[in-house]
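Just one chain follows, in the form predicted alone, and it is written as structure tokens.
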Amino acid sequence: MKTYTIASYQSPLGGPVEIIKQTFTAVKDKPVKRIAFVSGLHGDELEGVFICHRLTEYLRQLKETHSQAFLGEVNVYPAVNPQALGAASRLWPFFSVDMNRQMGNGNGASLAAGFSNALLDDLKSSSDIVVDFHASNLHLKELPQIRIIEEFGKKLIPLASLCNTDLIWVHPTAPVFEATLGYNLNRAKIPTLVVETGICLRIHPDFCDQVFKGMLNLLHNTGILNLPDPPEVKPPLLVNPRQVALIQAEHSGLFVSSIPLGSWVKKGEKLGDIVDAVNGTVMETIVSTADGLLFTLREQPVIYQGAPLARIALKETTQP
């Protein structure tokens, strides 16, 4: 394993702040493919950081015992926003800048933009495939999924199908995506998968283990690693833009769910209640509006009118 520093600056509060890359080289001078795993763009999203730890630990041991397995090159960027990770904050502290909205040209000359584009440039120069790990916000808990913008679907869906997630959600593009890492890399013709799982400021070991196994399967099936016993993975659901039902609150109050995330639900089935803790009343009973997979569920119980409570992948969803 070789360690590289992609970007660095001397913090006025202490030591240097650095973006680190861990590289596992191919057994031959010319790798069959080069893949990168990126985590920590948002400092409160810890699931990907842990998955990168699992990958680095596994790859380091594999390199020591079966170096011939490395037909390609693997690069792990385990914590690309160290300032935000240190503060457990989505945004770069002091500047309040979202690093994943600073990619590409025209985003200013701030320190955060400079770090963002140093990362983007390094990935462009050393990657054939990229996996960008994210987690949900504090409000919603998500099943492991890969989100794909429609225009990149043809190239990305076959790769995403190898990753052991519960679903692949294909959605339309929007201006908000244009300054993200995934969008810019895909526009540069570097296939980039955006993985979303769990919830921020938490680590769900089962979700992380599921995605970790998917990453090993991806490495094996793209020819980057030659694993003698690759993990078994499940096929994901392919969810097109109109195959997602969003359920929102009609009242403010406390949402108390009554069904676990990942359940297959039927139309009319109870998902939970919105209660008024002051008056001791149930203001609204939340029911499923369709048959399908409950892949998003409200975790933060304090809600307001219009707040998202659940998303359901419709039962007629087809597999890729």
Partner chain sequence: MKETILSIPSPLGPTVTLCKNSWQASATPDVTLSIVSGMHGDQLNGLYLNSRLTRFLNDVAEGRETDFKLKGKIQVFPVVNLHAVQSGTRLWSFDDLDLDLAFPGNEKGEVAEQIAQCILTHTADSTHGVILGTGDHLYEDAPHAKMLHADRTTRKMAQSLGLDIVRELAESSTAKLNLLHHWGESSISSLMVSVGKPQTLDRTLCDSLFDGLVNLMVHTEALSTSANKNDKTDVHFFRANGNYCVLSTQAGLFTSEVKAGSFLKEGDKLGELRDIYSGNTLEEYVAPQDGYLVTLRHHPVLYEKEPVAILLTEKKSGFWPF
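Here the structure is a predicted model, which is why all the values come from computation and not from measurement. Residue numbers count along the first chain shown, from 1.
Same protein, other form: the form predicted together with the partner chain, not shown, and the subject of what follows.
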Considering only heavy atoms, tell me if residue 23 and the partner chain come within 4.5 Å of each other in the model of the complex. no
Answer yes if any heavy atom of residue 164 is within 4.5 Å of a heavy atom of the partner chain in the model of the complex; otherwise answer no. no
Heavy atom of residue 101 within 4.5 Å of the partner chain in the model of the complex: yes
Using 4.5 Å between non-hydrogen atoms, is residue 83 touching the partner chain in the model of the complex? yes
Quick check for you: of 263-271, 277-285, 26-34, 56-64, which stretch puts a non-hydrogen atom within 4.5 Å of the partner chain in the model of the complex? 277-285
The partner chain in the model of the complex: contacted by all of 11, 139 and 307, heavy atom 4.5 Å: yes
Answer with one of 240, 248, 126, 221: the residue that has a non-hydrogen atom within 4.5 Å of the partner chain in the model of the complex. 248
What is the one choice in 149, 79, 179, 76 with a heavy atom within 4.5 Å of the partner chain in the model of the complex? 179
